[in-house]
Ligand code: BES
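Just one chain follows, in the form predicted alone, and it is written as structure tokens.
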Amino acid sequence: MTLSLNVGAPDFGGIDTPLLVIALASSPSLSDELRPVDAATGGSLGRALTRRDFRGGRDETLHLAGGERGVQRVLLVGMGAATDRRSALRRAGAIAARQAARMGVGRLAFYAGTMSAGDVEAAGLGLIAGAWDFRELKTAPPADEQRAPLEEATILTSDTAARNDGSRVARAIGEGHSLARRLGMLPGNICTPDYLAATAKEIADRYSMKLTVLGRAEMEREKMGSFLCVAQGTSQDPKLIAIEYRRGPKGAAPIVLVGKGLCFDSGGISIKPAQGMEWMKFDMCGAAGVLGAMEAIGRLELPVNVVGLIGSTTNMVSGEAVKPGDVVQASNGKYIEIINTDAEGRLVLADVLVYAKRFNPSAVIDAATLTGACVIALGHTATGVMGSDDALVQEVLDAAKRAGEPGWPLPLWDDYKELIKSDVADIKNSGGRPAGTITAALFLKEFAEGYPWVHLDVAGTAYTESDLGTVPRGSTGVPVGTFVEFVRGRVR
């Protein structure tokens, strides 16, 4: 369930809340506006700041008791030096919401001084992210052990326009993030290619979008041999999903967002190690990002044309599975030698990128949990960003920074293409360990022809195997924010 986000004026004398969150930068002092809160806590707020019990360091928290009514509890959350205020607000909101959920207070009010619309949006997105919890496949604990989930948050600021505009955008993008995170958390036996197609239909129906879904038979007619070779080891019907949002000028070239949707990746005959293989349910996070972005774009009613494309299947081991050494032909006619069946995402995306050309796009951005090499190179902090157009790469990097989903560029120099030259075909699907992220992107570039293109390798950022403080283990919602910010940037 997505947090209900409200806005209100900072009337601390008359406010009634079980928890007031106050986000403060480094070395805070008691402002005149917070003196009623100091009184409600019996002077403990002022003393904590004067004694420097709370110094406002990033992620620092301090819990103060309030009264039976009005402000009943106060949670101070530090934003640090806050050189990037919106990023700091987003992070503070997430930490506050997670703390509130542990307390079981049910609702909170959030205050961070004077806030612009962008500040409200950032804080709101943080609160929604921190409050989100995946519980639908868990049995509820006994009643006496249950704590109320955080269901409502009110952001306090005196700027009425900022309250309305910022909260509206935060709710829309927050819904997109929540959808992507839920899809990522669902196991592969539930979140199948059919399930992703059904989710796309629900979005299309809500926002009057056009939906096209190709199955195995339709893809065979399109000669998508690269995509289909990955799907030949599973009885589940693969899906190529196209969802079209047309609110821009008639005939204007659309932005195309592409997502890898491997609902489970065993590695195929090049099978993965058993330890940790359960995390491969997250190999569809690129597809989840596209669906989350389309949900948010529909809610925002942006005046633009956007097409979301998803290539979805499972990569399984069977007597019919594709083998190392096999050669397949993609829909653009290029022959591919299969070196490693675990380099399957690029095989799926190859035909999807060729399919994208029929929309005459102004730009194509794909996102995929594509390579472990990207995790080695950039860890879990930055998304790898590569593309055929330097200006578009920078535009995507700027959008990612605004979204709080930082990216880092990697080169697509022709020298690296030597690593994916094949002796028997036009190209091979793996160049081995050296420059693995770059050679994967260079493979995709062979099929992203006729339009400006950028590739996002989100293998290290779309999900996390450890608690990050702001989000628990599991899906993070990346790259929903990057997709949405890019589209918003095109219509500003």
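What you are looking at is a predicted structure, and each value in this text was computed from that prediction instead of being measured. All residue numbers are counted from 1 along the displayed sequence.
There is another form of this protein, the form predicted together with the named molecule, and it is not shown here; the text below is about that form.
Proximity to the named molecule in the predicted complex holds for all of D342, S430 and Y463, with the criterion being a heavy atom within 4.5 Å. The partner is absent here; in the predicted complex, the one residue of E295, E121, D351, D265 having a heavy atom within 4.5 Å of the named molecule is D265. Note on contacts: among A180, V230, I155, L370, the single residue with a heavy atom within 4.5 Å of the named molecule in the predicted complex is L370. Of the heavy atoms in A441, none are within 4.5 Å of the named molecule in the predicted complex. Taking non-hydrogen atoms only, R246 never approaches the named molecule to within 4.5 angstroms in the predicted complex.
Contact annotation for K272: at least one heavy atom lies within 4.5 Å of the named molecule in the predicted complex.
Heavy atoms of M280 reach within 4.5 Å of the named molecule in the predicted complex, making it an interface residue. Comment: 372-380 is the region of 304-312, 404-412, 171-179, 372-380 lying near the named molecule in the predicted complex, near meaning a non-hydrogen atom within 4.5 Å.
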